[in-house]
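Below, in structure tokens: the form predicted on its own, a single chain.
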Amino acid sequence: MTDCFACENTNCLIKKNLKNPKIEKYIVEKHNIKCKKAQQFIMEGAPAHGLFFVRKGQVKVVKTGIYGREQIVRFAHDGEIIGHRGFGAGKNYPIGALAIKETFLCNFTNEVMVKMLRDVPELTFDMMLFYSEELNRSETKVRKFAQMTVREKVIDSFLYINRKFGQSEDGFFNIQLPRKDFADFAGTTEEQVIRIISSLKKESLLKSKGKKIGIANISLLKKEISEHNYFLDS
């Protein structure tokens, strides 16, 4: 079992509240899960079996859209929560979740989470803020996507990935995604994403090498969608 006290994810809500001695009796009940690349650990519509915290790795959260098409709702990495929409509100997960690469997860059952939230008010307050921020992000995304062109949606997706995962020393995102994943996240087609990438490369705003993509000029790329309040969606 991975010791929560030795965890390096300072943004994890459990880690942040370890100073409260009441939480210790609950963290020993967590389950540690190792997922291989592309392994699905939450099935959409399946009975909810608790919250997952990403200890190390990368995850994509998906939902089935119209005509059965998969839509990527968001991405997550170290310290972030997965499965919270199946907690407390219903008995089934409204989303699915897959590991993008080898990923290590911490899982707390709903029963343990309920006891922990009742016993540790600081954690309950942090969870309340988390849900509030999630709602704000969801509403912002809906509003922006109703107003954006396809090009702007794709650009917004690249900027989101850059904020979430950053870029390596060679100037490419610290996550490798197929063009289809960018399309599923941006709400467009793979063909349109490929055309927009080609256009942005010609404008010296983007660069690519195989599956790798990187932002060549972030300030100019931000200006492309500045009127849509880019900074509201972190």
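Start at 1 and count along the sequence shown; that's the residue number. Remember, predicted model here, so these are calculated numbers, not experimental data.
Keep in mind that the form predicted together with the DNA is missing from the display, and what follows is about it.
With a 4.5 Å cutoff on heavy atoms, residue 178 counts as touching the DNA in the model of the complex. In the model of the complex, at least one heavy atom of residue 149 sits within 4.5 Å of a heavy atom of the DNA.
Put simply, residue 187 is close to the DNA in the model of the complex: some heavy atom of it is within 4.5 Å.
Interface residue remark: residue 192 is counted as part of the site for the DNA in the model of the complex, having a heavy atom within 4.5 Å. 198 is the sole member of 40, 198, 174, 64 with a non-hydrogen atom lying within 4.5 angstroms of the DNA in the model of the complex.
In plain terms, the part of the chain that comes close to the DNA in the model of the complex, with a heavy atom within 4.5 Å, is 203 to 211 out of 47 to 55, 203 to 211, 27 to 35, 166 to 174.
Residues of 3 to 28 placing a heavy atom within 4.5 Å of the DNA in the model of the complex: none.
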